[in-house]
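Listed next as structure tokens is one chain, alone, in the form predicted on its own.
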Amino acid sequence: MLRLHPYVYHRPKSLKEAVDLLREHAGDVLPIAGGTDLVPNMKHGLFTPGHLVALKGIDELHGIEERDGELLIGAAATLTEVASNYLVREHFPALAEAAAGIAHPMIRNQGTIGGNICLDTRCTYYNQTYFWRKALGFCLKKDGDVCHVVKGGTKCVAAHSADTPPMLIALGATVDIASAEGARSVPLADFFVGDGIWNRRLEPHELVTAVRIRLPEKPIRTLYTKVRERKSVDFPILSIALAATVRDPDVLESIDLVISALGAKPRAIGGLDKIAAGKRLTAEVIEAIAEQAHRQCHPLDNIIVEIEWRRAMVPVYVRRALQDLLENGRGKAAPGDGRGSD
């Protein structure tokens, strides 16, 4: 049996109390919301904080509402709430699909959108028990100085494996961050960095408090799909998020394509406006976008799936996603119907 180490559990009632606790116990504290990823990692000895600061009892972190032309989602909103909320489903159905396809209902009922945004990176050589990691000699991300993925590598390449951030980036979302020193906001596209040890621009004493998405002035088409070893529970080994402004008849005004689960941060595919803006979404344009994604995506051997196959699947699933986007408009499919859960 994997046991938890001793720690002090704090249950603040306000955001101020929570950030004050994070400052007071700096270096030996972690926030916890749903705990669906943190607790298993603690059992594996990947994190051993002396203090945990619980966030679910803080009213300021809950709620989903329209405010000032934006959809505001509190960081403590559960994945089930995001997947089923009528505002999310009306304005950004693919975000609802992304949340609905995570793990299984028990995880979604407990896990939060803020926790999914801040999900720790994953790697074959990291997400193991202490005994397993010690026998191997540890790794660059935890307790060691050797990267087992990139021999001689000096930067961790553990993979970003969260579902909602790629879709949120494609939608141009912003995250609100609070600390005892004050508050700030960061576009989610700038929130992640390419370091698998700590892949986000978030100091240990800071909290993500909300995610905001500007309500579109023009109708947009959105889609999220992913590949995983099983059709439920597993983390993605490839995920694709699309958001496009389309002018009839199927003329692209703009397109954002974000691909994740291949490296330490989601990758926004560049150069698409030059390829597709002002053009109809024909087979030729779809193929050009798929090839652009293939050129820019280079997975590493950080999970137990061949990297050649993972890279080969990038253009395949981009083509499928674009064709689906073309045929199904805004993609208002109900969670669980198979779309976005492959």
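Residue numbers run from 1 along the displayed sequence. Bear in mind that the values here come from a model prediction, so they are computed numbers and not experimental data.
From this point on, the text means the form predicted together with a small molecule, which you will not see here.
**Student:** If we define contact as a non-hydrogen atom of the residue within 4.5 angstroms of the partner, is Leu207 a contact of the small molecule in the predicted complex?
**Tutor:** Judged by the heavy-atom cut-off of 4.5 Å, Leu207 is in contact with the small molecule in the predicted complex.
**Student:** Verify the contact flag for Asp234: yes if a non-hydrogen atom of it lies within 4.5 Å of a non-hydrogen atom of the small molecule in the predicted complex, no if not.
**Tutor:** Because a heavy atom of Asp234 falls inside 4.5 Å of the small molecule in the predicted complex, the answer is yes.
**Student:** Please tell me whether any heavy atom belonging to Cys118 falls inside 4.5 Å of a heavy atom of the small molecule, as the geometry stands in the predicted complex.
**Tutor:** Looking in the predicted complex, residue contacts with the small molecule include Cys118, since a heavy atom lies within 4.5 Å.
**Student:** According to a 4.5 angstroms non-hydrogen atom cut-off, is Gly101 in contact with the small molecule in the predicted complex?
**Tutor:** So Gly101 counts as contacting the small molecule.
**Student:** If the cut-off is 4.5 angstroms on heavy atoms, which of these, Ala261, Leu257, Ala75, Ala94, is the one near the small molecule in the predicted complex?
**Tutor:** It is Ala75.
**Student:** Taking the small molecule in the predicted complex as the reference, which of Ala268, Ile107, Ala183, Val251 has a non-hydrogen atom within 4.5 Å?
**Tutor:** It is Ile107 that has a heavy atom within 4.5 Å of the partner.
**Student:** Does each of Thr225, Ala290 and Gln296 have at least one heavy atom within 4.5 Å of the small molecule in the predicted complex?
**Tutor:** Not a single listed residue reaches the small molecule in the predicted complex, so no.
**Student:** Heavy atoms within 4.5 Å of the small molecule in the predicted complex: which of the stretches 308 to 316, 64 to 72, 28 to 36, 270 to 278 has them?
**Tutor:** This holds for exactly one stretch, 28 to 36.
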